[in-house]
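First, one chain by itself in C-alpha cells, the form predicted on its own.
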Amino acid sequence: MSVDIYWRIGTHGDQPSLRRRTASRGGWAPVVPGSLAPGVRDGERDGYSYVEHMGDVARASEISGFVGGLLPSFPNTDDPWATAATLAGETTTYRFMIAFQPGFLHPVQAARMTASLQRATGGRVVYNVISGGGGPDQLWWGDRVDHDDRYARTSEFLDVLRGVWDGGPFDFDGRFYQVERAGLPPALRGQPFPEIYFSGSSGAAIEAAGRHADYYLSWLEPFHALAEKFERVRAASDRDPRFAVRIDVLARETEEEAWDEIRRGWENIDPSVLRDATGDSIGWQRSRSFVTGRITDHRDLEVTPNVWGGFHLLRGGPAFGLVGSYEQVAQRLDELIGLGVGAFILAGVPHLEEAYRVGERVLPLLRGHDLRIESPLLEGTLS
C-alpha cells in the first residue's frame, strides 16, 4: 500500500506562529508592519501578493516531499478552484486537492471545470468533498438544507458528475438534480477522474462515503476512536475503503521544545472560544467529546501520548494534532499507517517554514511501507 502525504496551503492568510492567533502574514488581513504578503517597505506596499506566498508554500512542500496540497474552502478564503489554476504553473508534479461543497456548484459545470483543469495540468486535480458543517457558515452560503439531506445531495451530485464525465448522453432525474442528454464535449473527455477524499463523521456521511470515496477523510482523533470509525466505514462500504487523516503537526528536535511552543501559545488564548462553537458538525461534536474534566493546563488536552486536543485554540481548524519530537511524531504517523491510513494531509503554522521542517525532519523518519515521498531534498524515494 502506498501512502500519499499532502500539505495544507492556507487560502486566507498565514499566522506567523501559534503564539499569535490574531496575527497574519497577509492575505485577507490588514497590511501592517511585519506583513509579508504584501510587505511594507518605506511605508508602501511592496507589491508582493498573497497568491505569491501560496506559491512559495506549494513549491516548498513539493520539493520537501509532499505529493500535493489541500486548498481549504471557507467563507473567508480565496476560491480553491481559481487558486489551483493559478498555482499549477508554479509546480511540476504537485497535486491540488480542491475542497468544495457540492451544493454550491452544478455537477455538469463542476465536471467541465475539472476536466479543463485536468487537461491543463496533466491530471493533478484531487477532490476534497465536504458537505457542510452547519451553523452560520452554512447560512453564509444561503444553504438551509438539513444535515442528512446535504449528504444525499452530495451523493446525487457525484452520481451526475460521474455520469457525464465520459461524454454521455446522460439522463438523471433525482431529488436535487435533473439533466437530459448531458455530457462533456469531446475535447474534454477521457481525462483521469480525480481521486475523491470524502469528509464527514455522521451515519449519513459514512453511508455516502461508502458509495463514492476513494479515501475516507477524517480529522485526527484519539487512535482508538479512529479505529472504531474506520470499522464503521468498512461495514458501510461495498469495496475495501482507504483512509486518510488530516493532522496538524508541531514537531521539534526534542519533546520539551515542542511542548514549550504550545505553552507559549496557550498563554495567549481565550478559553471561551470552546463555549462559543456552533454548528451541527458531528466531527466537531466528536472532537469535544474526547476531552473531559477541568482544563487548567495545556497538557490537560493531551488525551493520549503526543495527541493534543487544543490546536483549535491556537488557530482555526480541527482540535487534534500531534505534538512531540521529530521521532515521536513520525512514530505516531507510523501507528496510524498501521491502523490502515493510506494518506495524510499534514499542516503546520506557519505553513511555509513548517513545510520545510516536517518534510526534512519528520518524513524521512517514517517507516510506513511504500511511502510515496519523492523529493530532491530527500534524494529519492523512501521505502
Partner chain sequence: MARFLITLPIGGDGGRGPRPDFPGFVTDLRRAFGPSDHLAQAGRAAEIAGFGGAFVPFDPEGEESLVVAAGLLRRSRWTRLTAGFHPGVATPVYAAKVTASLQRFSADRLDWWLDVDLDPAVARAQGDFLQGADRYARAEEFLTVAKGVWSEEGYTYEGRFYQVLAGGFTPPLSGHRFPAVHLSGTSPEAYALSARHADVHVFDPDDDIEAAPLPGVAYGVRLPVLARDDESEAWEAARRLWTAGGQAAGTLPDPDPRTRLWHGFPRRAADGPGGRSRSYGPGLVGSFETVAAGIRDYIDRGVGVFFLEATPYIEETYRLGERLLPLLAKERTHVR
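Positions refer to the first chain, counted from 1. Just so we're on the same page, rigid core means the largest C-alpha set that superposes within 1.5 Å between forms. Being a predicted model, the structure only gives us computed values, none of them experimental.
The form predicted in complex with its partner chain is left out here; the points below concern that form.
Student: Name the residue from F74, F290, W266, F230 that puts a heavy atom within 4.5 Å of its partner chain in the predicted bound form.
Tutor: Flagged contact: F74.
Student: Looking at P192, G203, P305, P186, which is the one with a non-hydrogen atom within 4.5 Å of its partner chain in the predicted bound form?
Tutor: Exactly one listed residue reaches within 4.5 Å, namely P186.
Student: At 4.5 angstroms, heavy atoms only, are E156, G210 and F223 all close to its partner chain in the predicted bound form?
Tutor: No, none of the three is in contact.
Student: Is H147 close to its partner chain in the predicted bound form, meaning a heavy atom pair under 4.5 Å apart or at it?
Tutor: Contact check for H147: no, nothing within 4.5 Å of its partner chain in the predicted bound form.
Student: Taking its partner chain as it sits in the predicted bound form, is Q178 near enough to touch it, meaning that at least one heavy atom pair lies within 4.5 angstroms?
Tutor: Yes, Q178 sits close enough to its partner chain in the predicted bound form that at least one of its heavy atoms falls within 4.5 Å.
Student: Is there a non-hydrogen atom of Q109 within 4.5 angstroms of a non-hydrogen atom of its partner chain in the predicted bound form?
Tutor: It does: once its partner chain is placed as it appears in the predicted bound form, Q109 has a heavy atom within 4.5 Å of it.
Student: Does its partner chain come within 4.5 Å of any heavy atom of G27 in the predicted bound form?
Tutor: Within the cut-off, so yes.
Student: Given a 4.5 Å cut-off on heavy atoms, tell me which of 78 to 86, 230 to 238, 305 to 313, 254 to 262 is the interface stretch with its partner chain in the predicted bound form.
Tutor: Of the options given, it is 78 to 86.
Student: If we check its partner chain in the predicted bound form, which of the residues in 49 to 64 reach within 4.5 angstroms of it by a non-hydrogen atom?
Tutor: Contacting residues: S49, Y50, V51, E52, M54.
Student: Would D46 count as moving between this form and the one not shown, using a Cα shift of 2 angstroms or more after superposing the core as the test?
Tutor: Shift of 2 Å or more: yes.
Student: Tell me whether P75 and G39 end up closer or farther apart in the predicted bound form, going by their C-alpha atoms; the shift is 3 Å or more.
Tutor: Between the C-alphas of G39 and P75, the gap narrows in the predicted bound form (3 Å or more compared with this form).
Student: Since the C-alpha distance between T83 and G39 changes by 3 Å or more in the predicted bound form, give its direction relative to the shown form: closer or farther.
Tutor: Relative to the displayed form, T83 and G39 draw closer in the predicted bound form - a change of at least 3 Å between their C-alphas.
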